[in-house]
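Given next, in structure tokens, is a single chain: the form predicted on its own.
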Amino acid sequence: MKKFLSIALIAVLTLSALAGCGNSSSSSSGSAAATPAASEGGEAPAEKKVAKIAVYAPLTGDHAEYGNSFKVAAEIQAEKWNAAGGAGDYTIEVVSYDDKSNGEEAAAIAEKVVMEKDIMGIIGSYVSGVSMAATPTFQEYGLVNISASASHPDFTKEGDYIFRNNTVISVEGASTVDAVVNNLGAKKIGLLYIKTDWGVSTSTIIENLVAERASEGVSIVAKEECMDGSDDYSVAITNFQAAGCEAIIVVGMHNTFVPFARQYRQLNPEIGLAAFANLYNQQVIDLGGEFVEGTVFPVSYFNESTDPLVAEFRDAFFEKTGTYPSGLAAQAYDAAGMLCEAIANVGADRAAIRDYVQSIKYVGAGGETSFDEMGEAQKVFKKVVIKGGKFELLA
């Protein structure tokens, strides 16, 4: 009889223990992200933690279109990873900050972000000079910063946590100059540059690139500076005309290029125009219309590509925004992909993520990208022309 009672008691205690285990599991959600429900009768998936990717960029102001496109692109990448089950043990969350294209704002954001221990990397900002106000802090605290747009030659010199998924301006500029000489057939070149740190340094680089082609009879015959986003270029246009310019290279964003092209083409419809990858933006065609026809510039990403990785991003971006992404948005998308891949492989460890990104060979919407020892992206540029209200690849 005592033996029977002992067996019954053990059975009761075992059932109680099993019930207790069940209660404990169902109430331990904590701050971790929700995971997909287990299939009926299957084993519940392991609960995932959250790893964050930050975006700092101008979300308001003149450059807000670019900043918001970076934010949307990073969110699309995170959604893609999360839909596929997450990045290893982590669900990816994107947090964004508006630096208003202002260096002081960017520096303050950097001070805040580096103290958020669940942020594993940061993308941004848009303008090189603004970004470089924040990079010293990212480097000091060991947080990977990947810029999708910075082209200032000194950007990555801050340290080994600073990367750019955008080639240095000397490589991009060489493609611009080549398009002016070989596609526009111009030898007398005018140079218009915005009066910013990036504008001044880039104009010098373009001058040097053109000087290297002096044996072809190519030269800069006039150089004019302007304020970023100015709406009056009459003095510069007069000087370019007096110098006999056949084409103008515009070192500036679309808020400078479009009004300049409109004013110049009203006076001289035959003037050749060239710029940089930041011109791959539907607003340039929408705002510039006939005045930007024939403009040439280089890109590393092209929406009309038949590559399925391009189509996947292009269609997802269009679904969210109603517009097609720029090349810079694609670079932000790939930058987020690199951070997701790093987190999936090495976990939420900032130093290990840095090492992973340094050695990555990432295949994304912008083709294959790797970084040299200075954190500079290695990419191949294509040349584009605006023709018939569309962007077309040049041979």
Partner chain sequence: MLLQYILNGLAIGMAYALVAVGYSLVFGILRLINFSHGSIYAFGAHMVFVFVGMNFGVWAGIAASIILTGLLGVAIDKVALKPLRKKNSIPIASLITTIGVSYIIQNLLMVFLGSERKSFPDFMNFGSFMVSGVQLKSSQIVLFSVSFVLLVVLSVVIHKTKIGLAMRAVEQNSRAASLMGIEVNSVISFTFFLGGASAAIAGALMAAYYQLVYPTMGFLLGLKAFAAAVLGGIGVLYGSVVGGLVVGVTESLAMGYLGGTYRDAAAFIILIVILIIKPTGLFGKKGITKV
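Computed from a predicted structure; not experimentally measured. Residue numbers count along the first chain shown, from 1.
Same protein, other form: the form predicted together with the partner chain, not shown, and the subject of what follows.
In the predicted bound form, at least one heavy atom of N239 sits within 4.5 Å of a heavy atom of the partner chain. In the predicted bound form, the partner chain lies farther than 4.5 Å from every heavy atom of V181. E225 belongs to the set of residues with a heavy atom inside 4.5 Å of the partner chain in the predicted bound form. The closest non-hydrogen atom of E216 lies beyond 4.5 Å of the partner chain in the predicted bound form. The stretch among 203 to 211, 311 to 319, 135 to 143, 283 to 291 whose residues place heavy atoms within 4.5 Å of the partner chain in the predicted bound form is 283 to 291.
For the three residues V50, A83 and K117, a heavy atom within 4.5 Å of the partner chain turns up in the predicted bound form in no case. In summary, among the residues S170, S305, N102, N255, the only one with a non-hydrogen atom within 4.5 Å of the partner chain in the predicted bound form is N255. Between the options P153, P259, G159, G129, the residue in contact with the partner chain in the predicted bound form by a heavy atom within 4.5 angstroms is P259. Shown without its partner, the chain has E225, C226, M227, G229, S230, D231, D232, S234, V235, T238 in segment 200 to 238 as residues with a non-hydrogen atom within 4.5 angstroms of the partner chain in the predicted bound form.
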